[in-house]
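Just one chain follows, in the form predicted alone, and it is written as structure tokens.
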């Protein structure tokens, strides 16, 4: 074995697959997290059953008014409804507990035995948050698709621009929108990860993340601070609807991806800086 190979063997990977699997088992085995996913799945069930029993959508926002025409819109209507509170809350619970939860129960100092472990732990924690964000988003999407197609059927999809596309293309757009929203929600998870390094109380970190996302939504509705809107974390969340136009209006989605990446990078680095300088006592 060469010196370079020996060095590669000794150097720990930034994201350990074993550590990540352990973190994911911890997240998905907790009853409160499973209950949260169940609540997320309950919204599309409620929407689809309500529309079916009412005998029609009865107007409303674009996605809601199209539910009876194509079951794919149940997933989109559910995502629109849950973006305001339920999805941010689900990610706030996971990210707020990521580091503060370890400190609260006294296991953090055992994880951080040497300084390099702090970077690896933070990378694994955020990787788990990203995975959970995607799982949470696809929980809404998957339940919406199953309920929508079962109650209203599929077929060609009428886009927001008025043109029709095939069922397969419509389904592909729904999946693309879900991935986009999952990554946007994951950027909020980076904020939660940073806040979690500031406290040993997971509940306080969760509340702070929810307040942060709510404040962003509120600021986005105030015209007097329009200059700030493009930089708000939630500003481009609802632009996923642009994926359902012909042609696709990519500007909002691309800008939203850049903003999400910027928030994820800045707040992960802030969490890293905080954790590297932190005196771990619990």
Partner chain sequence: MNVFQHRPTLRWTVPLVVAAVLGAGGSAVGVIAATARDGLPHRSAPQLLVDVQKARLDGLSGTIVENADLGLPSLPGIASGGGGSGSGSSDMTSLVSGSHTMRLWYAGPNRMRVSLLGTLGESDLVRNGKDLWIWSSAKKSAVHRTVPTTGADRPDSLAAMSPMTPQRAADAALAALTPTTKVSVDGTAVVAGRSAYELLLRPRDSRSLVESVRIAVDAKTHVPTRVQVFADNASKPAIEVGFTSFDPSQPAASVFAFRVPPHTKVTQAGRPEIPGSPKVGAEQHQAHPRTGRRPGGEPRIVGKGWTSVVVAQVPPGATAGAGSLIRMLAVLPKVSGAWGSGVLLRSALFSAVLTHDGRVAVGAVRPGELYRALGRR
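Numbering follows the first chain given and starts at 1. Being a predicted model, the structure only gives us computed values, none of them experimental.
Another form exists, predicted together with the partner chain; not displayed. Remarks below refer to it.
Colleague: Counting only non-hydrogen atoms, which stretch in 40-48, 242-250, 210-218, 23-31 is within 4.5 Å of the partner chain in the model of the complex?
Modeller: The contacting stretch is 242-250.
Colleague: Find out whether any non-hydrogen atom of residue 130 is located within 4.5 angstroms of the partner chain in the model of the complex, and reply yes or no.
Modeller: Residue-level check for residue 130: no, no contact with the partner chain.
Colleague: Is residue 257 one of the residues lying within 4.5 Å of the partner chain in the model of the complex, judged by heavy atom distances?
Modeller: Taking the distances in the model of the complex, the answer for residue 257 is no, it never comes within 4.5 Å of the partner chain.
Colleague: Examine residue 159 and determine whether its closest non-hydrogen atom to the partner chain in the model of the complex is within 4.5 angstroms.
Modeller: Because a heavy atom of residue 159 falls inside 4.5 Å of the partner chain in the model of the complex, the answer is yes.
Colleague: Please run the contact check for residue 19 against the partner chain in the model of the complex: heavy atoms, 4.5 angstroms, yes or no?
Modeller: No, no contact at 4.5 Å.
Colleague: For a quick test of understanding: in the model of the complex, does each of 164, 262 and 272 have a heavy atom within 4.5 Å of the partner chain?
Modeller: So, yes: the whole triplet contacts the partner chain.
Colleague: Taking only heavy atoms into account, state which residues of 184-216 are within 4.5 Å of the partner chain in the model of the complex, ordered by sequence.
Modeller: Stretch hits: a single one, 194.
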